[in-house]
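The chain below stands alone, shown as structure tokens; this is the form predicted alone.
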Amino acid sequence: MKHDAIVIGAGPAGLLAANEIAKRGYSVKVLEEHERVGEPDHCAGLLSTSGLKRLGIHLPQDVIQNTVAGARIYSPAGHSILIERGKREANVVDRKKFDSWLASRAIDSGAIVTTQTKVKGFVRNQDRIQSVSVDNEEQYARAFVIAEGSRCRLSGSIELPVVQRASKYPAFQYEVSGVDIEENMVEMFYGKRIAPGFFAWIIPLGENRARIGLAARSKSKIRLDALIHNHSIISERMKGARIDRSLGGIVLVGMPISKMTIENVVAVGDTAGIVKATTGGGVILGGMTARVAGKIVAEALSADESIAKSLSHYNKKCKAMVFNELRMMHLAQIALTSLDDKGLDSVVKDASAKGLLDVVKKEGDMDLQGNVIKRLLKDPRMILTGLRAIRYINPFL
């Protein structure tokens, strides 16, 4: 079996890359190890409307479960700030249906998507990778896209940099019904005792249903169960609620890998570490760069120069697109997680009292957060907030 390109993994990044290659007339095969595309789903499913526009995506209604207008952020002591601009900011999507719809799009463009097809490894012939080993056969291609998620088993086997273990936080969430929540508002809960290194969330699905989850450096399920029973706000939300299902996953909080191509192979999405450290979201920025990867693969397939040389341009283009944004978000995440609970309380109270929310509401973007972070860092009110909060930096970090 020979194709122009093989994409390993049928998540959003892999499918978006495959679509870009296929619609330019090249033969593409997507290999997915699970029985169905989109299963099991690991994501909270919150996608910004602006981000979807950047991806050129107009979602069908059956994929959208709810829309939200903003977020309410709680400090450890229960102080809160509300960030909203009076318009729809994000869609809550059914990730199974979303991924399946992306697969249908890629198929319509000419891609072949196969499930229950696990890639065991790459097969090299002299100076380049020529095929992947699947079951008892080899499948050949001129170029390969790795979209296997954050495990990085295959990318590591060919000496691509991998996402570091320290950047992978365990996450766990429940889908529940019968909850008492604001139907158009995401809620986020910070605190060292709540979720060290990250936060807990409640994402409304509509009709008194929600996803309630948590990511932390360790023991995410144990911490989430404790919040549901003991947290003053979350336990009230969950009174009389029924847990319909549970799902676990990994949240990435680090920087992207330093090099995303090697020979005739390119890594995209979570495999490349293209994830917002502040929220763990990777669909939009990972999808944007995966589309670029797909275009560059298509260009490489038609170029006179070697495929390896053509693909190497992706590193530079990807860094120009998102690295500054991701770096600013990474620094913001480090700053937040370096504070103890009193420091987090101080930041939340000052953000409201000093009018810093106006900056966020005016210039904020769910995906491209770098500009608003820079703007805040230059604001004298934020400098005062930082000076007050810096007293509470954890001395053991």
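Predicted model only: the values in this text are computed from it and were never measured. Numbering starts at 1 and runs along the sequence shown.
The form predicted together with a small molecule exists for this protein as well; it is not shown, and the discussion that follows is about that form.
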*Would residue 231 show up as a contact with the small molecule in the model of the complex if we use heavy atoms at 4.5 Å?*
no
*in the model of the complex, does residue 349 have a heavy atom within 4.5 Å of the small molecule?*
no
_Residue-level contact is defined here as any heavy atom of the residue lying within 4.5 Å of the small molecule in the model of the complex; does residue 118 satisfy this criterion?_
yes
*Taking heavy atoms only, is residue 209 within 4.5 angstroms of the small molecule in the model of the complex?*
no
*So which stretch, 236-244, 278-286, 320-328, 124-132, is the one near the small molecule in the model of the complex (non-hydrogen atoms, 4.5 Å)?*
278-286
*What is the one choice in 192, 291, 151, 219 with a heavy atom within 4.5 Å of the small molecule in the model of the complex?*
151
*asked:* I need to confirm a contact call. Of 344, 44, 68, 368, which residue comes within 4.5 Å of the small molecule in the model of the complex, counting heavy atoms only?
replied: 44
